[in-house]
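In structure tokens, one chain follows: the form predicted alone.
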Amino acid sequence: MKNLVWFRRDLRLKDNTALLHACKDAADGVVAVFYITPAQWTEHNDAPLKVDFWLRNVAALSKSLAKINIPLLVEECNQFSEVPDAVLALAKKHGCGDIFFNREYEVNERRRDESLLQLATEFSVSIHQFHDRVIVPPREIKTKDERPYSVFTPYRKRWDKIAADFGSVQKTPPKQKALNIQPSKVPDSVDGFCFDDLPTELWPASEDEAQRRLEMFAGKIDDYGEARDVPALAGTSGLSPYLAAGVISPRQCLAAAINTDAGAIGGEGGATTWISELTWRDFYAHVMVGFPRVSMDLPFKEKTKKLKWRSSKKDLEAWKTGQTGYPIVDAGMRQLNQTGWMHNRLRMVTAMFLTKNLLIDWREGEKYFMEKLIDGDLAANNGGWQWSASTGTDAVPYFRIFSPFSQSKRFDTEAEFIKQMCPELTEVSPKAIHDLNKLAKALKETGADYPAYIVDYKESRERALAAFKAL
């Protein structure tokens, strides 16, 4: 019988665990499938740019699979709940006795897969699941009392010791038996998602592009420790959209980091700093599996359910559109709106401004980021938001509130990035841009058409401290 491999967020040929196993003993060939689920993606607040990126990578994947005689079928089910029946019907139609896929860890995805497991037993179809989205499987690292870790540092110490055992890059699957099945045409539109005016030129699709970015980054990884925090520099890898869609594997990234001169798990230098970021990615998936409430709109710290958040549509809209009067915050939000991506340092700055200075519920920000981000990933996005809001696991203490002016002065000293994103500040000096008191005066002197502060910084800080102390 044939094997069926179900692609989800693992849109690559190389180092793909489920695909490799599906190809190992497939005497009669392999069929592949990808499901478009418009209503579910809408419910998950997936960004149009991200959905477009997925489809472009599905098209690239289809061409790669065709070269090894695997036809990729693209089918549509509105919701995840419809997919298990559709997968089994497809397996029956093409004579597939075994179904292979890589695990996903979110609550809705796990319920979908559990439903498939139950149905498959009734239909005598074998299911083969694999860990592939992370380096170390979520339940592999536990505390002494067999509980999931909720603090990053001890988790990282354990991760460092065992990651190499899980991080080996696997072989590319060999050519399979040719089948008389035509691959599907990948649609260039999806109901409910508008693909007009997207900055697709910033995010080319394909494994080759992901590998090119990885190789370029590996050549400058020694500088990553410092360059990653400077938004005016291309100091990050630019791989997050490709990791989120599975166009490149975290194992490939780990291997590249280890292979650089400075690279060693637990060592020093830029490569080790980047490995730490890969560890955070694993950690947030580990937290989501161990504490599933975080993927159900609930805070990790349960006492923060009682936090008295403000409701201000005006302030929320000003934050979304980059019109807060705080330059580094506005620059970050405009970058998000224009490119579908935001520099990681600015994700923390903008998230903390919304949740502390504006005291607006972190879920509003989490949702908006997902609606815009090309690299939107529930575990990482939720983890970052709850960290900034002091509601999450191993979160920043509530009394540690970033000053937007200190952050911009430190990481955008000459205001290069701010002026790129906020051109109305072109004639304002960096010193004024980085100073709470000087900025208003400089705006009057230059006549810059830039909004006044929507909130007093000191008063907003005290308001946030009072709200958390009240818990």
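Throughout, we count residues from 1 along the sequence that is shown. On a predicted model such as this, the values are computed, not experimentally measured, just so you know.
Beyond what is shown, the protein has a form predicted together with a small molecule; the following relates to that form.
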Partner proximity in the predicted complex: residue 381 to the small molecule, non-hydrogen atom cutoff 4.5 Å:
yes
Can you tell me whether residue 342 touches the small molecule? I mean in the predicted complex, with a 4.5 angstroms heavy atom cut-off.
yes
Answer for residue 347 alone: is it within 4.5 Å of the small molecule in the predicted complex, judged on heavy atom distances?
yes
Exercise: residue 280 in contact with the small molecule in the predicted complex, heavy atom 4.5 Å:
yes
Per contact check vs the small molecule in the predicted complex (non-hydrogen atom within 4.5 angstroms), the hit among 175 to 183, 291 to 299, 123 to 131, 272 to 280 is 272 to 280
Between the options 388, 357, 393, 249, which residue brings a heavy atom to within 4.5 Å of the small molecule in the predicted complex?
388
Heavy atom within 4.5 Å of the small molecule in the predicted complex: which of 141, 96, 336, 243?
243
